[in-house]
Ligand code: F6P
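The data below hold one chain only, encoded as structure tokens and taken in the form predicted alone.
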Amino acid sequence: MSDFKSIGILTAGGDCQGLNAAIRGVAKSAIKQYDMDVIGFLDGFRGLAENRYERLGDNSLSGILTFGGTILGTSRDKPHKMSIGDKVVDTIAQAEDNYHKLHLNALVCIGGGGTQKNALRLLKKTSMNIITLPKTIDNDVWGTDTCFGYDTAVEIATEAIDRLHSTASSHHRVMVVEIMGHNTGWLTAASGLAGGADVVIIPEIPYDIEVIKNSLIKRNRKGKRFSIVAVAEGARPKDENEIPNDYEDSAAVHLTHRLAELTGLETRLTSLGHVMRGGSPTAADRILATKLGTKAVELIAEGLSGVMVADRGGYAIPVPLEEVAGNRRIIPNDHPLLESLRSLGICLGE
């Protein structure tokens, strides 16, 4: 074991379920297994730059496993381009100075794709030792099988689709449900499959509006009382002219209007939005976040830096940040999720 006696933690980017489980996993392991001091920076990289923190101990960690959000707060601030007053400032040197003033031996950055890039930037430009953990409901961080936050968000979206079935059936409607996921379709594909959606539209497969229209009309003519269309927020049509450049609403709003126009069927939109980020994490997310968090401390104790702790084949393993940052994990066209959807005859707009 190296002489690592003090570590810092921060959570950055969008919030999600499992962040507190990860904080707890890192901090409790560091304290109980290695007798380290643990400092939690407030509001992401901004807290690191402004030296705002709290020391984490048994009292602050007690009971947080089941809480959504993050007890440390978060932000999307970038250390090299941080808004301070009416200026945009490079705070990397300031962040490094605070790191050393607090006598930290390592910093654990918990976040999604943007956080991985910011962590790598700090790694390259400073003398800080840095390890990251992958969190995001989008499940799009490269190098890991799963990000914590994803499983809970799938459960929320699936429950929403389940609930939409009854109201759609009662009114003979087409219900379009917009699901988060940024520019990837992991959430929409998984919840669409689990919730029994009839059409699943994801960014990885640009949709043909005519194919979707025909699928809905065919269902209607077969006497189906309703249809559920699950659409990812980043979905785009195959025909780029389908959505005007000056269109101000979301792609899901446009799709809803077009389907109502083309099919003649009553069509309604439900956007799940940020409700998908909230609430208590599932058991799977608690386990994953804790597993990755405790592994991070083990790697720190071994003197490792410049890696993300990934979930691969059920094991927590280090992956070089150089490989992770700047890459995005998308659904390949032959992924089992998509193959199952196709086998069920669910329309993907192809």
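As the structure is a computational prediction, the values presented were derived from the model and not from experiment. Residue indices: 1-based, along the sequence shown.
Another form exists, predicted together with 6-O-phosphono-beta-D-fructofuranose (F6P); not displayed. Remarks below refer to it.
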Of the candidate stretches 221 to 229, 82 to 90, 156 to 164, 131 to 139, the one with residues having heavy atoms within 4.5 Å of 6-O-phosphono-beta-D-fructofuranose (F6P) in the predicted complex is 131 to 139
| said: Is D77 part of the interface with 6-O-phosphono-beta-D-fructofuranose (F6P) in the predicted complex - any heavy atom within 4.5 Å? | reply: no
Note to self: Residue-level question: is H182 within 4.5 Å of 6-O-phosphono-beta-D-fructofuranose (F6P) in the predicted complex, judged on heavy atoms?
What the structure shows: yes
Q. Is the gap between D208 and 6-O-phosphono-beta-D-fructofuranose (F6P) in the predicted complex 4.5 Å or less for some heavy atom pair?
A. no
Going by a heavy atom distance of 4.5 Å, is R258 a contact of 6-O-phosphono-beta-D-fructofuranose (F6P) in the predicted complex?
no
Should the three residues E233, H274 and R277 be counted as contacting 6-O-phosphono-beta-D-fructofuranose (F6P) in the predicted complex, with contact defined as a heavy atom within 4.5 Å for each?
yes
When 6-O-phosphono-beta-D-fructofuranose (F6P) is considered in the predicted complex, the residues of 281 to 295 having a heavy atom within 4.5 Å of it are none
